[in-house]
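Just one chain follows, in the form predicted alone, and it is written as structure tokens.
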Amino acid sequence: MKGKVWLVGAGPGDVGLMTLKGREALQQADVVVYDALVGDGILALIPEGARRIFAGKRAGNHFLRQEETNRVLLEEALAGNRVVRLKGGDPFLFGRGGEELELLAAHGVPFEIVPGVTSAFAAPAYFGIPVTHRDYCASVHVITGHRRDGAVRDIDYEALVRTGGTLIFLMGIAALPELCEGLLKAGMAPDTPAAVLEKGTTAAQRRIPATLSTLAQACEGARVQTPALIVVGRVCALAERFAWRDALPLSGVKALVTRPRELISGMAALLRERGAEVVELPAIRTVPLADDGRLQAAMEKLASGGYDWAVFTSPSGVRIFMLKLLAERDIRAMAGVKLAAIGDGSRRELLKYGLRCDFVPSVFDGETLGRELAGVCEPGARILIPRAAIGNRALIEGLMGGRGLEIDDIPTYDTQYAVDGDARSVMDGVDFVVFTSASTVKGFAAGMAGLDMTGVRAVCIGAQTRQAAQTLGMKTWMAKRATLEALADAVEEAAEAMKTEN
């Protein structure tokens, strides 16, 4: 049985620039064949069960030659797999997408093309350079600066100069002096604004501004790293006024978020709104426990009015409990029960089921939840706590200070480490690791064999999380309150401190 190949453009690096259709294709992949230019944030979207094959080129070394990549796509599809060929930028803009389809078409393998946002337009936009502007130019031209080994670079410089448009050279850094000289000899004004844009749309993006006559010299001492592109044209001067991304508070910051996969998007979105490049690495996973009879009995007791309070200590606890409950009953089983949540995350998760909290502690931790809830419960109140198998004893100890409370502490799910093997490669360029629980700290450490933890800057949601990070030797910052918004604020504070250090 034949499989299928999706040729997907991953965009220039920023995960937010990948198309919805590209994400959908990626989520159904059995095999993902990807390039070096695919951003870390996008690689984090690859499903856990999908097999990864790196087909890129780094430091001049090909992991797979083009012909080998073509063959891999064919073989995997013929084996019946759903194959996503993930390419940086757009696969049909100097991406050799057409070459990869020829072999598939010859063997009758079905395929789809999912265009991507090209770095030729996205990178200038992230630096505030509009590639077209009615007052500056009437056209834009994208040219490859790369050539096959031994081939002669065939560029009609005079034709390019006559257009008067914006010129964008991809893969041309090695040929920068030659390209500038060709345009100058063809009659382009030496003072034409120009720039090299390095690692556009990522936290490491950098603009090297100059004029056509000085660009090569300006880049000599700048140690430009790829990916980088060259922009030549009057629109380059607009970057001084339109550099919107530089104004964001977390511009230039790369953060690693470690929440469970089903919860990670909220934290990542907050940081991206503030300008950070975010890599998602779920450090833990929550797995429902096989019911030993206690949870079933508790639900029957709940439905018959046997509880006065239900207490939730995590969004995962809410989700897993409600899925179990609603598989056999409807929401009316919660009628008459007061609800307590440890913090805003659990409170918001309850709202998804139309349930409003009656109690949230002043400080979002187990000790405060137990102590303060004990003070508002009626004598002899019956309390259900569905939570992790290894729950914080401080909650129970706080409740025991109440007046004869009847407590059913029911293990509902288990917390497992989700980082498999050595994941140190994702730490490349990461400025901060964001932790939302002590469990995420431990899960992160378990997957980072050999990593020097003293070099990790940890931003933590609370005291217990911070203590777990400090025990490993990490440098830590802590949110003023145990909310995602306060945690994002703490990342900003840490970023300011890092700037002072530098």
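Bear in mind that the values here come from a model prediction, so they are computed numbers and not experimental data. Counting begins at 1, following the sequence as shown.
Below, we refer to the form predicted in complex with S-adenosyl-L-homocysteine (SAH), which is not included among the displayed structures.
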Heavy atom to heavy atom, is Ala228 within 4.5 Å of S-adenosyl-L-homocysteine (SAH) in the model of the complex?
-> yes
Close approach of Ala298 to S-adenosyl-L-homocysteine (SAH) in the model of the complex, 4.5 Å, heavy atom = no
Does any heavy atom of Gly95 come within 4.5 Å of a heavy atom of S-adenosyl-L-homocysteine (SAH) in the model of the complex?
-> yes
So in the model of the complex, does any heavy atom of Gly345 sit within 4.5 Å of S-adenosyl-L-homocysteine (SAH)?
-> no
Tell me, please, which stretch of 107-115, 290-298, 163-171, 181-189 lies within 4.5 angstroms of S-adenosyl-L-homocysteine (SAH) in the model of the complex when heavy atoms are compared?
-> 163-171
Using heavy atoms and a 4.5 Å cut-off, decide whether Leu7, Arg82 and Glu100 all contact S-adenosyl-L-homocysteine (SAH) in the model of the complex.
-> no
Can you pick the one in Arg285, Lys199, Arg207, Arg272 that has a heavy atom within 4.5 Å of S-adenosyl-L-homocysteine (SAH) in the model of the complex?
-> Lys199
In the model of the complex, the residue from Pro386, Gly88, Pro315, Gly233 that sits within 4.5 Å of S-adenosyl-L-homocysteine (SAH) by heavy atoms | Gly88
For the heavy atom contacts within 4.5 Å of S-adenosyl-L-homocysteine (SAH) in the model of the complex, list the residues of 14-52 involved, in sequence order.
-> Leu37
